[in-house]
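What follows is one chain in structure tokens, specifically the form predicted alone.
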């Protein structure tokens, strides 16, 4: 019975209007927008879709969703369960809910060990809030597992995972023994959307809540320091170059670009 573990993160809704996006620069945190709920990270739901396609081929596959974060993260787990996953684990502990990528990977790796045996760990290629794209491969390093990144297709059979990867100039197909870690990209395709009946069924599926104490590890420590968090200045100044002819305008433009050290 194949066991796939999918990692799912909750993020601020990327469709939030820019005018409503606010940052508390002193606290170095994004201020939640009233009335706009956080959502599952897009690449993570695509990862769940990759697992479900394997389950479509191998019906007895078990898919476990693991998410780290505060109470609201339970909604992200429930969304994945409504898509068709079987069970969820919510790591909810104030000591690690604001972890950097390394502490997050250490915590998730400990949870994954507790869920042994497993055949495949699937993560999104990156979270859509910080866009770092390192948690999946860091987990592979901690667990001493092979990893394959930026997948557009994942198949599993006979102790082997076959992955089609996205390259800058094309695609490549690689194989890796199980267990292993695969990070999935948007080229895999749109994730399935839960229907009402599936949402109702998901409400009955088990979601375990674990703390650091349940994982049996010391609290992982952040290894990075956030120096500043702010909304970038996007103001634009426009300068019009005028002249009697196209040649004169071109010459003046070249002079200005040279003055600004752009050419």
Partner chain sequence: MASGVLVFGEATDDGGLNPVTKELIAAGSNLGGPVTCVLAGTGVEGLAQECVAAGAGKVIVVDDPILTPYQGDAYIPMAERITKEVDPSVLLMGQTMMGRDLAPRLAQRFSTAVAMDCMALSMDGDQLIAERPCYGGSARARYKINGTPQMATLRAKAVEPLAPDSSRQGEIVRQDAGVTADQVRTKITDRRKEKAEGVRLEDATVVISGGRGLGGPEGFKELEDLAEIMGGAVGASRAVCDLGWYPVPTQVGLTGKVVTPDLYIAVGISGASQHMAGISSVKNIVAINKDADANIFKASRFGVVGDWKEIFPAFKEKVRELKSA
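Positions refer to the first chain, counted from 1. Only a predicted model underlies this, so the values are computations on that prediction, with no experimental measurement involved.
Missing here is the form predicted in complex with its partner chain; even so, the following discussion is about that form.
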query: In the predicted bound form, the one of 112, 82, 89, 150 near its partner chain [non-hydrogen atom within 4.5 angstroms]; finding: 150
query: In the predicted bound form, the one of 30, 212, 62, 207 near its partner chain [non-hydrogen atom within 4.5 angstroms]; finding: 30
query: Stretch from 63 to 71, 49 to 57, 194 to 202, 228 to 236 whose residues place a heavy atom within 4.5 Å of its partner chain in the predicted bound form; finding: 228 to 236
query: Close approach of residue 118 to its partner chain in the predicted bound form, 4.5 Å, heavy atom; finding: no
query: Residue 75: touches its partner chain in the predicted bound form, heavy atom cutoff 4.5 angstroms; finding: no
query: Non-hydrogen atom contact residue 137 with its partner chain in the predicted bound form at 4.5 angstroms; finding: yes
query: Heavy atom of residue 219 within 4.5 Å of its partner chain in the predicted bound form; finding: no
query: Residues within stretch 33 to 72 having a non-hydrogen atom within 4.5 Å of its partner chain in the predicted bound form; finding: 42, 43
